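One chain is shown next in structure tokens, namely the form predicted on its own.
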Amino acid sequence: MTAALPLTDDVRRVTAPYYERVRQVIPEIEWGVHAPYVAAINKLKKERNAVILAHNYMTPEIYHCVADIVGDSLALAREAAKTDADTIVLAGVHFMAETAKILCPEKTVLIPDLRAGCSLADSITGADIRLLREKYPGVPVVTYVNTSAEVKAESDICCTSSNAVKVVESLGVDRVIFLPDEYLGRYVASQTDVEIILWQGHCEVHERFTAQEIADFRRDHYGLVVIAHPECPPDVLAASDFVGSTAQMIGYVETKRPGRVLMVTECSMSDNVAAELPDVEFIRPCNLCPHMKRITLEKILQALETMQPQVTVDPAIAARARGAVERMLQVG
């Protein structure tokens, strides 16, 4: 690992504007640890002609201070396809970095920790899809982007939580196989007349939330507005005031400005939104994604210094997976 960096007067000066963005959520004593890495990363990424794409679940010092582009999986996929940088650093999990490499095969794609995986991506394989196609011949396969390149390659089209309903309906069929998130699939089924064939994959963060937790939070916090991610169990969604992707959840809070809100998703997203909306009180049910939390400033700096670990995808798999991802991007 990179040795600890000193907090010099020059570092304080160049990082002062970044701290203004996050002082609502990062104590000054903690910022003293982050600031040298923020300064070093922002300097080195320019030298490397690198762009840092950060998911909404990254911690505030990454999300607000070194990321060039932030967003949900769909936004990051779109921006990866458009960037003219030589190197993409994916501050997120492995399937996101694979998606960036699929869309940008000529670019160097780095992920700061190869162990940053995903319970959903681990829940299904390409062989599973081939068996499903045998069981349901002629039924198109819609695959959530939270999957491996191998799984995407076996699919007809990908989707994200923000466009899943639109993707399903874009196929113009009565029945689809929807993989791998069971709860997102059940939510999609509630929003469309298309029959949804489900797979029993779950997000290890979202599946831990319960309707009883929501009831307890409402009891303890008067006037609480609850907004939930569709990867949560159906009883949690039923107990919520709004359901949407991470980008849609952020948009809801920015537009509605509820006085007190509970974002039923990975904990760091509340910090990232709170940094920009100090007038909103965020109640935090702090479920953390252990994979997202593997990505740190120190590891981002090390990745840029060493240009490792690089993400690679077999060209034959990438070519097939690219079609499914590009069809998703065309739907929007």
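Start at 1 with the first residue shown and count on from there. Quick caveat: nothing in here was measured; it's all calculated off a predicted structure.
Not pictured, yet referred to below: the form predicted together with ligand 13P.
The partner is absent here, but in the model of the complex a heavy atom of M96, alone among V253, I102, I124, M96, sits within 4.5 Å of ligand 13P. By the 4.5 Å heavy atom rule, the three marked residues H55, H229 and T246 all count as contacting ligand 13P in the model of the complex.
The chain is drawn here without ligand 13P; in the model of the complex, the stretch among 172-180, 129-137, 191-199, 238-246 whose residues come within 4.5 Å of it by any heavy atom is 238-246. Among residues of the shown chain, N146 is one whose heavy atoms approach ligand 13P to within 4.5 Å in the model of the complex. Contact between D72 and ligand 13P in the model of the complex is found at the 4.5 Å heavy atom cutoff.
Shown alone here, S155 lies farther than 4.5 Å from ligand 13P in the model of the complex, counting heavy atoms only.
Heavy atoms closer than or equal to 4.5 Å to ligand 13P in the model of the complex belong, across 188-209, to one residue only: H206.
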